Structure formats: structure tokens, C-alpha cells
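Read the single chain below, which is given as C-alpha cells and is the form predicted on its own.
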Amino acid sequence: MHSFGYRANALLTFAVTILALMCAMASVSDNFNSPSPTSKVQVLNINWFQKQPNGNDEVSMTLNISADLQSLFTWNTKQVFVFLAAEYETPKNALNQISLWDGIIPSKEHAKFWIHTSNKYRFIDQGSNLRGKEFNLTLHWHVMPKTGKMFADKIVMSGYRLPQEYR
């Protein structure tokens, strides 16, 4: 009849085919999830706002970041990478993005959080364009699934302004 090798090959091929089909179904099932995350960011204090010796503006600020990202988690979510960025326009660039804070959320239990922090990364503009500048704070996230493609989205929060004078 059939040899042991032939039967093992047929069984392995069948198992891999079923596994690939299940992975494809898992990826497709995430398309039916419609997350509704929420976020709020408060700028509590501008710690300092100065011009560096090379002419660049630099800002340090204290922030309250609260977010509920639990709706991003499904059975196929491995983790979520989240970061807060300051976004503004200058005469040279239509969009400047500066990452102020980031984190990795490993599970749904950690996806609802409140953080009181200073900006983790330096808020520097190449030039002296930040005095009196309006900017948005945008919370970006990247959902990293167990199988399938990554999903990214954001919440834009507007209405922030830097001081007119250096401190």
C-alpha cells in the first residue's frame, strides 16, 4: 500500500493546511472588531521653555495622560504599542511630529491607565518656531496581533499653545 513516509507527509500537509486556514480566519475575524478607545491629555505645567545655544527651541512639560484602550484587545491581540506625539506646522514643514511619551501595553488589564509624567523625550524644534505656537497632542497606537497584519490608528487632541516668551 502506502509507505510510512507517504502517510506522514500527507498528515503533515493536512495539519499545516488546517493551521494556515485557522490563522487566516483569525486575521479576518479582527476586521469585525470596531474599537472605540478614549483618551485625554492635560498639560499641567511648562517646566521650562528655552532657546538652546545652537538656536533651537526646547520645551519640557508635565502631562497627565489618561486612556482607555481596552476595546483594542481581542483574542488575537498580542500587545499594543502606544505613543503620544506633539504635532505642529512651521513655514518649512507642513507637519512636525515629536514623540513625547511611549509605552507597551501587554494585556487588556493594563489598557486602562492614568500617568502623571514629564515628556520622556526632548521636545525640540530645529529653529526658533515654537514661541506662541499652537500644537496638537496625538495619541497613536499600533495593535500587534498574534497572527495577521498590524493595525494603527490615533486620537488627535487640539487646543494647546506654547508661551510667547522663553522661561
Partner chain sequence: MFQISSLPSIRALAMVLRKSRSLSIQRSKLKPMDWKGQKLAEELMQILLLVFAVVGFVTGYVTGSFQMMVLVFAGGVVLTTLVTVPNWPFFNRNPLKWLDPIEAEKHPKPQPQPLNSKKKFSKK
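Keep in mind that this is a model prediction, so the values were computed, not measured. Numbering follows the first chain given and starts at 1.
The form predicted together with the partner chain is left out here; the points below concern that form.
- For S29, a non-hydrogen atom is located within 4.5 Å of the partner chain in the model of the complex, even though that partner is not displayed.
- Using a 4.5 angstroms limit between non-hydrogen atoms, H2 touches the partner chain in the model of the complex.
- Of the heavy atoms in K146, some are within 4.5 Å of the partner chain in the model of the complex.
- The partner chain in the model of the complex comes within 4.5 Å of no heavy atom belonging to M157.
- Each of F14, M22 and W75 is positioned with at least one heavy atom within 4.5 Å of the partner chain in the model of the complex.
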